[in-house]
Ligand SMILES: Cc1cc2nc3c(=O)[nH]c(=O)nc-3n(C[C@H](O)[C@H](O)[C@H](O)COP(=O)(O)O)c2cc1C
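Only one chain is given next, in structure tokens, and it is the form predicted alone.
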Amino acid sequence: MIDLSTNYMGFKLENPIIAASSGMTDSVDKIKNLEVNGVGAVVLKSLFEEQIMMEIDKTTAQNLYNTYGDAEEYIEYYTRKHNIDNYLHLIEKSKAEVDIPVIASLNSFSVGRWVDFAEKIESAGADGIELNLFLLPGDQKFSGQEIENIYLDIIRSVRKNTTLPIAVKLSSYFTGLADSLIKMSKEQVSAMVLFNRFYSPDVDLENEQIVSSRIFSLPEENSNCIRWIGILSDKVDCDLAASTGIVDGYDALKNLLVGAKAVQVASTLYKNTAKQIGIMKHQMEVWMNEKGYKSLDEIIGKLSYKKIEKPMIYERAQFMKYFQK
């Protein structure tokens, strides 16, 4: 019998498939359905820093609106639909209804009084917290080091306010990605999730407007996760999870082989329903059985940077292979 269990964030998951923070994890019924279909854990729909600040201080919230301009109507709508009390109730009810780990998600970009909210999340019964952090490095007034320090300050501030295991979901927008992530892994975090995915702009040529590009991720986007998890998995002091472009069980296996302890999925659940989880697990079991593996412990990190014969393939070998004349 194939053992798909894995250790992630201090949890023993029955399998490495985690439902990522999305509309698929914003209600108890949806979370129960994910559990029935075999998911290893869920990350709840994110609560935004703006929402917490609105609850704390109406004046501060208005200042955020002035900063964000066009985001005001969205934030007002989102806050009405997903207020803080509802979020805490979602945690409490989910924990009462399911046996899998329930991880709260906080989407944030600064250090402030909102970090105190981590205590309420812990009191509500969440098993862990995932910090979804992103600062677009588009302002030349801030150096790469200054931006990195903000990330570290947020992590440290939340750490002071909770004993829960913390995962940090990050982008690849760092001046020195490897150095930054290795530093963060030493900040008493249990895991890092590579990488978060954002609203992507596109241009409508007919109407000459900025519009949203495609919503769902594509399998080819996963190569960036594979590259950096492969490079970093032997160097960081925490678990790594892969996110973005993971469609099926074979994609999951690829990320585990380079060093991920778990994978997060959302787009494939929207496209294929929660039944995709069972399909992914079956695909993993069939492949492992064919290869003679009995457990994930035998394959996790087998193809990491440190363990393969020619690790430079992670950095530039393919470029040379396909474009050298």
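Numbers for residues come from their place in the sequence shown, where the first is 1. Quick caveat: nothing in here was measured; it's all calculated off a predicted structure.
Not pictured, yet referred to below: the form predicted in complex with this ligand.
* in the predicted bound form, segment of 93-101, 215-223, 115-123, 145-153 with a heavy atom within 4.5 Å of this ligand -> Single hit among the candidates: 215-223.
* Three residues, 23, 245 and 266; all within 4.5 Å of this ligand in the predicted bound form via heavy atoms? -> Each of the three qualifies.
* **Proximity of residue 293 to this ligand in the predicted bound form, heavy atoms at 4.5 Å** => Contact with this ligand, no.
* Close approach of residue 45 to this ligand in the predicted bound form, 4.5 Å, heavy atom -> Residue 45: yes, in contact with this ligand in the predicted bound form.
* **4.5 Å heavy atom contact, residue 105 to this ligand in the predicted bound form** => The answer is yes: residue 105 has a heavy atom within 4.5 Å of this ligand.
* To do: Report whether the minimum heavy atom distance between residue 190 and this ligand in the predicted bound form is within 4.5 Å.
  => Outside the cut-off, so no.
* To do: Could you spot which one of 197, 235, 89, 183 gets a heavy atom to within 4.5 Å of this ligand in the predicted bound form?
  => Contact check passes for 197.
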